[in-house]
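A single chain, nothing else alongside it, follows as structure tokens in the form predicted on its own.
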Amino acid sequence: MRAGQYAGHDAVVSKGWWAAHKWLLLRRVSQLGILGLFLLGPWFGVWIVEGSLASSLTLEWLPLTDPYLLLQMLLSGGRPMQVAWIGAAIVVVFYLLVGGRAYCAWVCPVNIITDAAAWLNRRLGFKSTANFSRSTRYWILALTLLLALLTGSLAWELVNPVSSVYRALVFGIGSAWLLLVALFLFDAFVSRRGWCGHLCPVGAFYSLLGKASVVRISAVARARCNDCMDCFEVCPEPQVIRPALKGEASGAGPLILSPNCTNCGRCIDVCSKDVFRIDTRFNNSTNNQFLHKTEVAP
């Protein structure tokens, strides 16, 4: 990214606007579409999906349960019904396949808020003043589970921003809106990508599912990289890119194997050299690169 240009400028020029925003737009369709399905019932009386992201029943036969919520219920002394166990098993299997933190990028409505805050932060060139270790989210995750155990309640769910989005849209102005506004301001002006990237226990929980997930982002054409840094600029977890993109000399394969990769696809969007693509964990051979530096066109 050259001075004065936004991340992805070269990709728009070389690939066109749609190709440079495809995965971003698909994610927004996914996030808003899922949220819309949940709101059809309360808003219009069309009950395709009943419940919320915590626990739902689709078309009166498909149960889906947030396994993080189920774990809190168990620790609080609750006895989940069989349908909750089935719903949680379906969700766990799904994210073991597509990547645990795909939940963050493709489902979680809070991601829209934090992405907007990150965009504003980049545009204003605002320097964040607060830095948190990325391991902080795991400590917060442990704390939420400990709270459930000690209090016998779902204490975290009272302030969970994911649940707050749903409450804010269904019940209107209230404390939920204030929480979401505070989250936006925090990410925009205090700590860039602070919530999703460093603090959110929901993301921390789903990253644990992502350790063994099948679907991965691959820097399959990393030899083409021209070090523009656009992918690092837009990635919500930029630390996950380098081992795959720059690890050829040390024998590292091109797959991004970190469980904190959200499989959002923005690196694919903004790369003018088409370095990245969606792949599977079974395709991580260093001999699988289809373009080496000696083959790069001038």
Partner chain sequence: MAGSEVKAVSRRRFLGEVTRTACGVALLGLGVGLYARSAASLPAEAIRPPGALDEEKFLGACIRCGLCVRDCPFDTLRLAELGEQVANGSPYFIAREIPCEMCPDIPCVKACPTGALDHELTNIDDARMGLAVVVDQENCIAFQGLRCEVCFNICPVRGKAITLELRHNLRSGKHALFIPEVHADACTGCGKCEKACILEEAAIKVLPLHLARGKLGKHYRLGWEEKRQAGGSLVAPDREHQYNLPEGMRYDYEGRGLIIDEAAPASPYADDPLETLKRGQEGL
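Numbering follows the first chain given and starts at 1. Since this is a predicted model, take the numbers as computed values, not measurements.
Below, we turn to the form predicted together with the partner chain, even though it does not appear here.
- The candidate spot formed by Leu185, Asp187 and Pro238 lies out of contact with the partner chain in the model of the complex, as no residue has a heavy atom within 4.5 Å of it.
- Checking Ser258, Ser272, Ser55, Gln31 for any heavy atom within 4.5 Å of the partner chain in the model of the complex turns up a single hit: Ser55.
- Scanning Val107, Leu97, Ala89, Val170 against the partner chain in the model of the complex with a 4.5 Å heavy atom cut-off leaves one residue, Val170.
- Among heavy atoms of Ala155, some come within 4.5 Å of the partner chain in the model of the complex.
- Contact check for Phe126: every heavy atom lies farther than 4.5 Å from the partner chain in the model of the complex.
- The closest non-hydrogen atom of Trp119 lies beyond 4.5 Å of the partner chain in the model of the complex.
- For the chain shown alone, Leu149 is not a contact residue for the partner chain in the model of the complex, no non-hydrogen atom being within 4.5 angstroms.
- Checking 130-138, 99-107, 202-210, 221-229 against the partner chain in the model of the complex, the stretch whose residues place heavy atoms within 4.5 Å of it is 130-138.
- Within 4.5 angstroms of the partner chain in the model of the complex, the stretch 33-50 places a non-hydrogen atom from each of Pro42, Trp47, Glu50, taken in sequence order.
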